[in-house]
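Take a look at this single chain in structure tokens; it is the form predicted alone.
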């Protein structure tokens, strides 16, 4: 059983059906990339998980317990980082975590030890500056510390890197990777490069359902095209290869950009041996011969278009 299980979740706003039978299973101690276009329903799903929004039908289970609208019982196992976390600006990071710890009923010794541990994790240990003077990235890092204070089994992050510069994004991604050993993370975002860097599993939400779900390698293997890229020393060799009779089949896709030729073969029964045979016959040695790997971006665009 996963830390988070969603079964046949439906949610409609007026005539607009946002979720149409969403099924999702998040394994323990994974970073689960929850990807979709803006408006795809990612935030709606997270609000239902947190009991802030009532689903029309379906179920959400957190650590074996059913999450309910208006109920907070399952939230004791959840840490949440919204896309724009809010703080009391007149406090220091330590003062803010102390307040949060008192609200959640932690002992004074636990608050002190966990606050110090987490502030070190997010790079804010010893920071005496008031939160009002923090940058956006520093606030996001403090938000992660606050979300982890109660040692949740599930950490939900809603677009945590969307408004950050490259340095700030890397800091957040490094922190999430470090936190993976302590909790399970649902990482909602539309920044696909961030997902590729840290996520163990990926789910692409489209049309109210998961269009793709699995590890990146599994998804790539399922959607792999039999494509090759060949780079030649000069345009003459590239043109000679492109115009080979063996490649003049309607089912073979060919495109050339100066010295580089891209070949799409129709199926897995036709592999790179055909291209090697053409190269041998024409006595051409390419500078590069590589199999095309589908990127997460190309898979995403294939699904949502």
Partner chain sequence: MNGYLAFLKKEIFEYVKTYKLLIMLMVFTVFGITNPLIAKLLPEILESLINDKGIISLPEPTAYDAWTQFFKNATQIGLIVMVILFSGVLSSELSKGTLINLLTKGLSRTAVILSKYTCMVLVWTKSIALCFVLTYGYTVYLFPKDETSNLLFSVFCLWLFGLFLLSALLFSAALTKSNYGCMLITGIVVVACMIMNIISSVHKYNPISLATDNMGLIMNSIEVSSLYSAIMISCLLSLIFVSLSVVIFQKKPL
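Everything numeric in this text was worked out from a predicted model, so none of it was measured. Positions refer to the first chain, counted from 1.
Below: the form predicted together with its partner chain, not depicted.
- The candidate spot formed by 52, 82 and 100 is fully in contact with its partner chain in the predicted complex: every one of the three has a heavy atom within 4.5 Å.
- With the partner left out here, its partner chain still marks one of 88 to 96, 193 to 201, 119 to 127, 165 to 173 in the predicted complex; by a 4.5 Å heavy atom cut-off that stretch is 88 to 96.
- In the predicted complex, its partner chain lies farther than 4.5 Å from every heavy atom of residue 256.
- At the 4.5 Å threshold, heavy atoms of residue 234 stay clear of its partner chain in the predicted complex, well away from it.
- At least one heavy atom of residue 104 is located within 4.5 Å of its partner chain in the predicted complex.
- Of the heavy atoms in residue 250, none are within 4.5 Å of its partner chain in the predicted complex.
- Site annotation in the predicted complex: the residue of 146, 188, 184, 140 reaching within 4.5 Å of its partner chain with a heavy atom is 146.
- This chain appears without its partner; in the predicted complex, the one residue of 78, 157, 179, 205 with a heavy atom within 4.5 Å of its partner chain is 78.
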